[in-house]
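Consider the single chain below, provided in structure tokens and representing the form predicted alone.
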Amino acid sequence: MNVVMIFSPIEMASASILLLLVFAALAGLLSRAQSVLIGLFSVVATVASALASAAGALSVWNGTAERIILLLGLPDLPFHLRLDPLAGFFLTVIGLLSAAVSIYSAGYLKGFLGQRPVTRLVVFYCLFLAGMAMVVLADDALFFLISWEVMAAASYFLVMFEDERPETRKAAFVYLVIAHVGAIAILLSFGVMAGIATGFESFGGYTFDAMRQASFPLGWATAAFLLAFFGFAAKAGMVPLHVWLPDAHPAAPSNISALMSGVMLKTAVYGIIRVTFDLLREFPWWWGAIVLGLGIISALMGILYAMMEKDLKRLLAYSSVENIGIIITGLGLAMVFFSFKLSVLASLALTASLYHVMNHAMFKGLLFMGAGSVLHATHERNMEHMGGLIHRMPWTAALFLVGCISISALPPFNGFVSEWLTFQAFLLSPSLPSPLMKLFMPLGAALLALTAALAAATFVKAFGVTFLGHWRGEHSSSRIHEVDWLMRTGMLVTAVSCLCLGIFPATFIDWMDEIPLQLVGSRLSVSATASGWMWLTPVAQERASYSGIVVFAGSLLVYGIVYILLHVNPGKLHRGAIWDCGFQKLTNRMQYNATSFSMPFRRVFGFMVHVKEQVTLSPQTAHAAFPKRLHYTLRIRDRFWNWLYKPVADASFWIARKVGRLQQGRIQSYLIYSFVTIIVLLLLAAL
């Protein structure tokens, strides 16, 4: 169905990018009026994000592709822009979350007034949004890589905003290194595909249209795919390329963390889909098996690391590794089904993956904004020093709870739908003709189920330790207060989105169904909406069905009945002091904290992470009956850092020290180096 408008979707998207770039260029003029700058920035970023989201949604609904050629860039290498349903879907995701976060930022950035100027953050925030939009619109390798670098550089400076902290500088440096290693791999992948497209004889193959029309030999196609997958996996934070993510996301301001986790990681998912299903188009089943296996490993390892954390923002960052793993698992399933010409099942798996892209953007953006609200009010990230915040911050607690339910894949919220669709794709894997894949699929489904259970436990811990119980902080909780209405509005937008995506999945699938049709050749809505908008039937009604609206209505009915029964006679409801084996004077030291909650999981899964526990005794003079005080310390390290990254870093420093000896500061030594170099070059020329 086509929607006729005065401005085409690609013109609306281009206007959105231009608005962000112009404001970034002019923001410095308001550097002396920080309050005015924050207010104007929030309005401009929100309007631009809403415009981009509307353009993307219309593009998906129309199901057509629009193109623009900009006579910029290098001579004879203009920039190509293309807005098709796949790009439109990711532009919608970027725009929706960016609009909510931009509203939230108007209140969040006020906390920096009087402490540090926010002009730099405003400039790079706008460049960051513009870079992500340009990435999904790019239709040639040159413009894609330029946009990718704009996005990466802007996010680097955003992570470095509070650069007086050594851990912030280290996190930003590690992020920049891994981002550029990934960018080199993406560049090489595009180089391979562009060269094959034109026989390595001209630069014409740099456009994606030329790559789409090319026929790639399996060897070259495999090289291009592996390079692209490695490069995009580094940006997505997949295991074992995830080490930058749990440091960079917590180091950044919380509104930036919401965008980096919610949408920046999805640009990497977009790149994988674009290269695999659109540019290469044909591939063997074992490509999908690699993607599927790495996705499951990322999901399981990510949630295990999250469970062990006591830093709220690091916990959320590690859970992003888990959710990216779930998304990649869906893509791997789609690739396997597509390679065996099972287009309906490929459509199901691809839809599940794309649905989780949208879901994760909404609930992870909500959770990071909630964590930012807690940090804004308490100036604390360590959950060990929190507790009881539901009494001081009821709005934040309620909205954060919505995010916890959603990310735990509990109905009727959105996380359940996408994970349920992924499980449906696993359950249909006996249709595969490969005995090896039939053996592997049940194991993958079991590990995904374990991941879902661990995710629920992790966010029971996150919400319970942070918002329930007694306050455990060193200072009084009397100064803690709820955040302002702008921050609450930003969180409320994403919370409502989580609910709507959970109770109206058939409508959402019907809107996005053009994407699997164009990429894998089959629609899902034919079966998914066969029973109407109330019911979701992935393949056939007799196999499985789900109604989010019925579950939601049933939940409200049960809650209403329980509430009435408890409150119809107020005299039946009594409140008393907390009782603990006859002892009622409970203190905040007698309750579970983040470390004690995760202890059973450390005992079971501790071999998968590096756990170091230590108990020491020290003198105590406060009470004669207790002359010694016990000190318990727990340190958890990522094994992948010690296995992969630390040896490389140590070797790099060793080589640098050796090479540094060449710099002796004596002109005689430098003349000898030059003379030897000339002799070597002459000998090589003679040969």
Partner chain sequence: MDLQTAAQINSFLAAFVLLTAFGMLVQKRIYSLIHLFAWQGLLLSINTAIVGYVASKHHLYISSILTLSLKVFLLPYILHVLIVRLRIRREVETLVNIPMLMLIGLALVIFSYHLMAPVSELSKLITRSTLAVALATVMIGLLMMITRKHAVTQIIGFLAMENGLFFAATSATYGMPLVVELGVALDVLIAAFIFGIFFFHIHTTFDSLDVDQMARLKEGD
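This one's a predicted model, so the numbers in the text were calculated from it and none came from an experiment. The term rigid core refers to the most C-alpha atoms you can superpose between the two forms while keeping them within 1.5 Å. Residue numbers count along the first chain shown, from 1.
Heads up, the form predicted in complex with the partner chain isn't pictured, but that's what we're talking about next.
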Does the partner chain, in the predicted bound form, lie within 4.5 angstroms of each residue among 8, 72 and 75, using heavy atoms as the measure?
no
My question is simply whether residue 18 lines the interface with the partner chain in the predicted bound form - judged by any non-hydrogen atom within 4.5 Å.
no
Against the partner chain in the predicted bound form, would residue 672 count as a contact residue? Criterion: heavy atoms within 4.5 Å.
yes
Does any part of residue 25 reach within 4.5 Å of the partner chain in the predicted bound form? Heavy atoms only, please.
no
Given a 4.5 Å distance limit between heavy atoms, list every residue of 669 to 687 close to the partner chain in the predicted bound form, or none if there are none.
671, 672, 675, 678, 679, 682, 683, 686
Hey, does residue 18 budge by 2 Å or more at the Cα between the shown form and the other one once the core is superposed?
no
